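The data below hold one chain only, encoded as structure tokens and taken in the form predicted on its own.
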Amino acid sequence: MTVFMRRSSQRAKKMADAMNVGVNLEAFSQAISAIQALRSSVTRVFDSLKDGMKNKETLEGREKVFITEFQDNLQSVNRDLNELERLSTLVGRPSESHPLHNSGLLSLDPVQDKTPLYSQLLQAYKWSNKLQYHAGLASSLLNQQSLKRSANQMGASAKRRPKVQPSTLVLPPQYVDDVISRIGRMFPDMSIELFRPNGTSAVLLVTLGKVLKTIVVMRSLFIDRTIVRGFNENVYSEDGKLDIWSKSNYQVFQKVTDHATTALLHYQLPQMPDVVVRSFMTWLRSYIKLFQTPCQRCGKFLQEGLPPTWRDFRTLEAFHDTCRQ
């Protein structure tokens, strides 16, 4: 009985010591002030570099004043950094034990290396908190999706429901022709020819000045694919139909084709397909000066032998493929 009480008192004393080992709050407050002072001194260094040499009568005087101020600012940074390092040693380390109510007694086990129950329990607690956080995020994202089909609706009742066709997929050809003609009138330097080789689906041949030709394959007012070729390239196959599969012989127009495919994925508004077509045509028209516009990032006309082939979807500014990233 006496041995048990002695061990209990020793464990209580260890737990009290573990709770008392903490952070020196006064040193911690001084360390925060030292960090603020260090940030201010570093800011003064960059301000002096930004301002450069101030106006003086002679060049030698300007250089002397600039070097003196710069050395003083660097010494101030060094002084504040040393002060911060000194205070960091006084802050102390927080206690490694994080008592979770009565489970904190597990950290006082003298053979913790052999039975690391407390560390495993603490790790499981942190993992469960992360799991709960990510599950909440997933739940909020799923609730935003208006899913109309569930497991309860599958079966015979689902088979009897008629399949409703989206109204935007069955637009009359006259409406499509009217939208294309309006877009053609918007851009005088862009020629748009409309073909219907397979029924009601439209294929557009867009000629942009004397720069390029683009074949746009449409399904009603939805653009399925697009192929960009040079102005002097042949866009017809041997049977006299538009060749919608062959790539351009030039690398620059192959790049523009890839960017146009990306633009099709960017401009998506199923409720207003005419706006999507108009936005895509506006973006495509920005290539009217493909070989005359420099890159907005590097200012060069050519990079690796290619002009700026990327056009920003919002500003329509020209960038090289590597400069846009």
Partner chain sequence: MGVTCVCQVPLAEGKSVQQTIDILHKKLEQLSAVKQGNFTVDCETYHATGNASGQPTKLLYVMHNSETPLSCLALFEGGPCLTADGNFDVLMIKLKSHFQNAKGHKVESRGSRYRYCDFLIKVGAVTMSSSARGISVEVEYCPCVVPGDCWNLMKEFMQSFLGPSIPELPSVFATKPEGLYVPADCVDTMTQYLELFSKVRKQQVLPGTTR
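Since we're looking at a predicted model, the values are computed, not measured. Residue numbers count along the first chain shown, from 1.
Omitted from view is the form predicted together with its partner chain, to which the following refers.
- Every residue of the trio Val211, Phe253 and Glu304 has some heavy atom no more than 4.5 Å from its partner chain in the predicted bound form.
- For its partner chain in the predicted bound form, the listed stretch (179 to 187, 134 to 142, 203 to 211, 220 to 228) containing residues with heavy atoms inside 4.5 Å is 203 to 211.
- Think of it this way: in the predicted bound form, its partner chain has a heavy atom of just one of Phe70, Phe46, Phe28, Phe291 within 4.5 Å, and the residue is Phe291.
- Put simply, of Asn232, Gln174, Asn198, Thr89 only one has a heavy atom within 4.5 Å of its partner chain in the predicted bound form, and it is Asn232.
- The shortest heavy atom separation between Lys300 and its partner chain in the predicted bound form is within 4.5 Å.
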